[in-house]
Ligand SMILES: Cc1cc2nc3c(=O)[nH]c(=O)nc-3n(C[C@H](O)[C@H](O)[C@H](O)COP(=O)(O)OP(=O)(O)OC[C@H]3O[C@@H](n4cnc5c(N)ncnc54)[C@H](O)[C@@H]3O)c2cc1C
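Consider the single chain below, provided in structure tokens and representing the form predicted on its own.
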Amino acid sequence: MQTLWNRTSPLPAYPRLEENLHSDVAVVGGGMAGILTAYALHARGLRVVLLEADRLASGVTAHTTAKLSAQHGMFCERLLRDFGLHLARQYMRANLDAVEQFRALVREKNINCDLCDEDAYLYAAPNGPNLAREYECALLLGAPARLTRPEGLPFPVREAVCFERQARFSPLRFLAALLPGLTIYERSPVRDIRGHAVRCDGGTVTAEQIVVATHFPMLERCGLYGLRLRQERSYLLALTGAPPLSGMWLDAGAAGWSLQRSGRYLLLGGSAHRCGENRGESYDALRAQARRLFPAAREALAWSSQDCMTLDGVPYIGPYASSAPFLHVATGFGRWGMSGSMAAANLLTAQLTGGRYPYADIFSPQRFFPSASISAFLEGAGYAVRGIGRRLFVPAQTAARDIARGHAGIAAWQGKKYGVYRHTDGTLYAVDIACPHHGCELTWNDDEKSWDCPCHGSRFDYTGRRLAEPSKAALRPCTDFPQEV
């Protein structure tokens, strides 16, 4: 999927792993968090091997809105309620420091990545929520916040909480400047980690320390991350011809619209939903909003992203599990992966080099659940039960002959259910409808033409090719499915 970032800033290619290696640290995952961590550890003099299953930064990093901000939506009051003042201040300070460290790296290495200071606004529409309490909590946490009533905007705003001097940038241009000198292998998916051995198809990396910075943690046997994470998709349009707009804007209401400039483009985001629950209207809703706000604008690009969400809204960064002190994790950044990735690199570098990171406690993967997250835990378990139950006990409701071109449905053939897509040329493509990860029944995403898992967020294209983890396998195609059933 082409985005504003990978269209204009392709990264260099690297070879597959085809030998056995020894290193001080193996970093699994070549997104923003993995590359920043590998760069920081390499700068400390450690031998680091970075392993990426596909191409560097081809996942969420290439599909981000590219905000560098400690303003993370309606979160300050929730943080204080769930974690208390001390830990909530750790979260705020870690993200404010992360923004400054991006600036420092850009200055130090003279990186041309279009980094631009911007104020970040959480705004309330005329019928939106009251932001006074959120503003008070932001001040308690040490945020550079002010409550304002903006005017002259192309959309109505009653009030807004402004975090001053945040930033935006071009993420792939930034990362390109960090790659020289790193030992990197692409198209080298990690199949397993046993002890200190990280096994790929073409070789094994044996390392003293291992960092798992994949989008969804890959090891099922420890940490219970499959029960503590969910995945959401959100959608973006890049518009040309829209009026100038300074600042980065996020709607505090249920719609959650986001707006910001990037060069000559205006980025309009929103339409978020849990993975596996899309009704095929996400891009339509964005385009309708674009017409309402900017009737003269034109769509240049459209893309979506997948965000990994923790139960309590705070990433898991630190020891993967108490039983494996040499194994570390960075995951669950939600919609705030840029600042979260820098915080992860800082924390993990300190832990792996004997240093101290003052904000580690709030990110601990072993932290106790706040009471507010118990319902989210039970909700996630319910999705898994319903997903497996639907596959086993709910019959197929669609006849293959009734599936229109460019659409899909679940149809039965010889007593088994299949996910069936009719190509625009009329050809039917049938795949096993059970997710290889844990067997949940997949659902069709008509916007992305993909089969999505509502349980843990695995995604596959209509031929069965895996698009997103945690599944490690593709879907089995049904090669003898008849073209008309």
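From 1 onward, residues are counted along the sequence shown. The structure presented is a predicted model; accordingly, all values stated were derived computationally and were not measured.
Not pictured, yet referred to below: the form predicted together with the named molecule.
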| item | value |
| --- | --- |
| Contacting member of Asp307, Asp251, Glu118, Glu134, with respect to the named molecule in the predicted complex [4.5 Å, heavy atom] | Asp307 |
| The single option of Arg422, His63, His42, Lys417 touching the named molecule in the predicted complex, heavy atom within 4.5 Å | His63 |
| Candidate stretches 146-154, 121-129, 338-346, 81-89 - the one whose heavy atoms come within 4.5 Å of the named molecule in the predicted complex | 338-346 |
| Heavy atom of each of Val28, Val190 and Phe333 within 4.5 Å of the named molecule in the predicted complex | yes |
| Contact of Ala213 with the named molecule in the predicted complex (heavy atom, 4.5 Å) | yes |
| 4.5 angstroms heavy atom contact with the named molecule in the predicted complex for Ala430 | no |
| Any non-hydrogen atom of Ala53 within 4.5 angstroms of the named molecule in the predicted complex | yes |
| 4.5 Å heavy atom contact, Ala33 to the named molecule in the predicted complex | yes |
| Neighbours of the named molecule in the predicted complex among 231-262 [non-hydrogen atom within 4.5 angstroms] | Ser234, Leu236 |
